[in-house]
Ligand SMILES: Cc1cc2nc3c(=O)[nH]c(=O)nc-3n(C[C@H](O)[C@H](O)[C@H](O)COP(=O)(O)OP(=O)(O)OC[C@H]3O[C@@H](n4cnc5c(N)ncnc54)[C@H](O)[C@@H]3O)c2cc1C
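What follows is one chain in C-alpha cells, specifically the form predicted alone.
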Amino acid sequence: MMPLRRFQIHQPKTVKEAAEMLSHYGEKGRLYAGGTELLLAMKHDLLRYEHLVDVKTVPGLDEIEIGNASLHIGTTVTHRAIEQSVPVREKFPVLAEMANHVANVRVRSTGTLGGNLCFAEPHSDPATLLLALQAHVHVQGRSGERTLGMEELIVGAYETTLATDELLIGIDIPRIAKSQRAAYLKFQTHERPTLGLALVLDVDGNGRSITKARAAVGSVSPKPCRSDQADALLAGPRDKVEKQLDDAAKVLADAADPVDDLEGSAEYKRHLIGVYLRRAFVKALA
C-alpha cells in the first residue's frame, strides 16, 4: 500500500460554505464524510485530491428524524447510528437490518449513508434498498437545492449526477405503510457483496393478494436496477405470483444486465437473482 499523498482537510460550518469550497477547488477537491472508501482509494493512488471538504463539521447533517410521512436521514449519519436508532428499528426494521450487515463494525461506525451514496460503489447495500423504498435525496449547491430519486442520483459505477459544487445533504424515505412488507437479502463470500436484492410488497387485508410490488437488485452491475415489468409480474393473487417468480427474476436480471467481475460471473449472478427473489418474497410475507 502506498503512503497517502499530501492533502488538506477543510472544515466548513455551513452547507453554503461547503459548496463554495467545492466550487473553488474544482477537480482538486472532493467531499469528505466518512472517508472509508475515499481514503482507501487515495492510499492505493487510484484517486488524487489536494483538498478534502469535511462536511461532518456542518451542524444538523447528522440527524435522524421521523415525520408523519417520511424518515429523514442527514448525510453524515453513520451506518452504525442507523443500525442502533430505536425509531428506525421500530418503524423501518428492514433499513436497520440492512445497516447492521454493512461491511464491519469499524466501517459502520465511521462510514456515512451520504458518503456511501455519493461514492456510488457498485457493490453497495444502501443504494439498492433505498431504490426499492422509493427514497429521494436532497442536494444543495451554490445555485440552490434540488431533489433527486435514487435512479437520478446514481448513473454508473462511481458516477453520480452531482455537479462539482453540489453536496448531498439528506435522504428522505417514505413511511412504510401497514399494508407493506419489505425484505433485503444479500449474498456475500468475499469482501464485497455479489448480490443485493430488495423487495417491497403491498398486500391486501387478508394477505392473499399483492396489490403492488417493487423489486431492486444491486451489486451485479454498475448501478442498482429495477424493472416495471418485473414489478407487474410480482403483483396479483399470491399463488399466481409464486408461479411467476422465475419469470420476474429473469426480467429483473435482463434489466440489470449482470457483468463478470471478481465477485462472480454474469451467469452466476443471474442464477442468484432467481434464488434470492424467491427468498425475499417468502421473507417479506412471513
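In this text, residue numbers run from 1 along the sequence as written. From a predicted model like this one, the values you see are computed outputs, not experimental measurements.
One more form of this protein should be noted, the form predicted in complex with the named molecule, which is absent from this view; the next part is about it.
Exercise for the section: Spot the stretch among 141 to 149, 104 to 112, 80 to 88, 199 to 207 with residues whose non-hydrogen atoms come within 4.5 Å of the named molecule in the predicted complex. Expected result: Among the listed stretches, the partner-contacting one is 104 to 112.
Handout entry: Proximity to the named molecule in the predicted complex, single hit among R226, R30, K250, R238 (heavy atom within 4.5 Å)
Key = Filtering the options by heavy-atom distance leaves R30.
Problem - Joint contact, E17, T57 and V137 to the named molecule in the predicted complex, by non-hydrogen atom at 4.5 Å - result: Not one of the three qualifies.
Handout entry: Interface membership of G35, the named molecule in the predicted complex, 4.5 Å heavy atom rule
Key = Within the cut-off, so yes.
Handout entry: 4.5 angstroms heavy atom contact with the named molecule in the predicted complex for L162
Key = The answer is yes: L162 has a heavy atom within 4.5 Å of the named molecule.
Practice task
Mark R214 yes when one of its heavy atoms lies within 4.5 Å of a heavy atom of the named molecule in the predicted complex, and no otherwise.
Solution key: No, R214 is distant from the partner.
Problem - Any non-hydrogen atom of R181 within 4.5 angstroms of the named molecule in the predicted complex - result: Taking the distances in the predicted complex, the answer for R181 is no, it never comes within 4.5 Å of the named molecule.
Practice task
Pull the contact list for 109 to 143: residues with a heavy atom within 4.5 Å of the named molecule in the predicted complex, in sequence order.
Solution key: Read in sequence order, the residues that approach the named molecule (within 4.5 Å, in the predicted complex) are T110, G111, T112, G114, G115, N116, C118, F119, H123, S124, D125, P126.
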